[in-house]
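Before any questions on binding or motion, here is one chain by itself as structure tokens, the form predicted alone.
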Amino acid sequence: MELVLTSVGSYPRIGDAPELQRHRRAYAQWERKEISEEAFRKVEDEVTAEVIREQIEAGVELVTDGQVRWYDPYSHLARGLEGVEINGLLRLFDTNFYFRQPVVKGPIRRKGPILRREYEFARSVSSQPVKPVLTGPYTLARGSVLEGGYRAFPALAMAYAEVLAEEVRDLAGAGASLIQVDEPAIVRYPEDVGLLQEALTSVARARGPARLILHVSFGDVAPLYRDLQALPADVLSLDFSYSPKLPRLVAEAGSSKPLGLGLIDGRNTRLETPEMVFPILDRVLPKLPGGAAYLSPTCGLEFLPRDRARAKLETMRRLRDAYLGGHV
């Protein structure tokens, strides 16, 4: 079985060295109106190319753009929508990071394509395939304040699904063959899996020839594992760090879809060892459908220092190569 190395979202924009802090400097200058938006966007392009190159040098075979342009998983998409304002800060799950909360005031619709230009730029500077990443409709709705336009939360989730379907259609049209949709909020509200299925069905209809990856993290996915198998995604990408029972569950139940194995902890600086990863691969891989599986961090790496993020990816490559080398 092929075991493809992939990132799952964000990558640190700044590092310790002065040359790795130009995004922070440029952002401050842009906010003070000392540089133009065009000048700031040029810095974003440069840093995006840099983090893509860093992923590839570390061994990643399916990269992301590092979400360099994203302030957080919610407001980046919400800013591109009519009917939504951005207000206040809310803690992002159990992290020490905060996101700017969307406030829905009226019916939402896109002002225009949001991610297509970002994907096309990333692809132009990458020697490896690029995977665009979107926050999913259910998680966007859970993180929003509803003040108008919709009578209740389920209607808002479906409205987000409609605009995200347009994004997926654009990305597939631009050549994206794998598109990742993040739905971390579902682990906190497992009773809403039916609503998630309805919302994802709307998104999945727009994918055309592209394959949809559903990434679930920031909680124990084991209680939802069988329900997730029934969702309209082509690949399930799972965070194993919260779920000590998940390897046994996958070994017992198998999987009808290729899995993304989130075994490299994106919130912990400790580097993984063969003793931590190989037993899980031994249990899980024989139960997966043939073809390719994916090995990845549990989540985006923005929670780590830049040098540690790279070390995590390099460790992932070493572990994959050592594991497959011992199983030929």
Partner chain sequence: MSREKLGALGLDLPPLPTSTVGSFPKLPEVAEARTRFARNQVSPSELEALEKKATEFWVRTQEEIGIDVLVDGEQYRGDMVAYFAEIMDGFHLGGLVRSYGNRYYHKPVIAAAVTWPGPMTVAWWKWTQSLTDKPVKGMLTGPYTVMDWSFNDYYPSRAAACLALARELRKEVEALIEAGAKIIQIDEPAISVRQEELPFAIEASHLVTDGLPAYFITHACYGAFETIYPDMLGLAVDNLDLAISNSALDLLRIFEKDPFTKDLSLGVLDVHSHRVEAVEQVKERIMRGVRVLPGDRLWVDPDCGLKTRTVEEAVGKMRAMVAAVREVRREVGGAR
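Numbering follows the first chain given and starts at 1. For clarity, every value in this text was computed on a predicted model and none was experimentally measured.
This next part talks about the form predicted together with the partner chain, which is not shown.
The stretch in contact with the partner chain in the model of the complex, judged by heavy atoms within 4.5 Å, is 82-90, chosen from 203-211, 163-171, 82-90, 230-238. Heavy atoms of Thr269 reach within 4.5 Å of the partner chain in the model of the complex, making it an interface residue. In the model of the complex, no heavy atom of Ala39 sits within 4.5 Å of the partner chain. Although the partner is absent here, Trp70 lies within 4.5 Å of the partner chain in the model of the complex, judged by heavy atoms. Interface membership of Ala28, defined by any non-hydrogen atom within 4.5 Å of the partner chain in the model of the complex, is confirmed. No residue of the trio Gly59, Arg123 and Phe278 has any heavy atom within 4.5 Å of the partner chain in the model of the complex.
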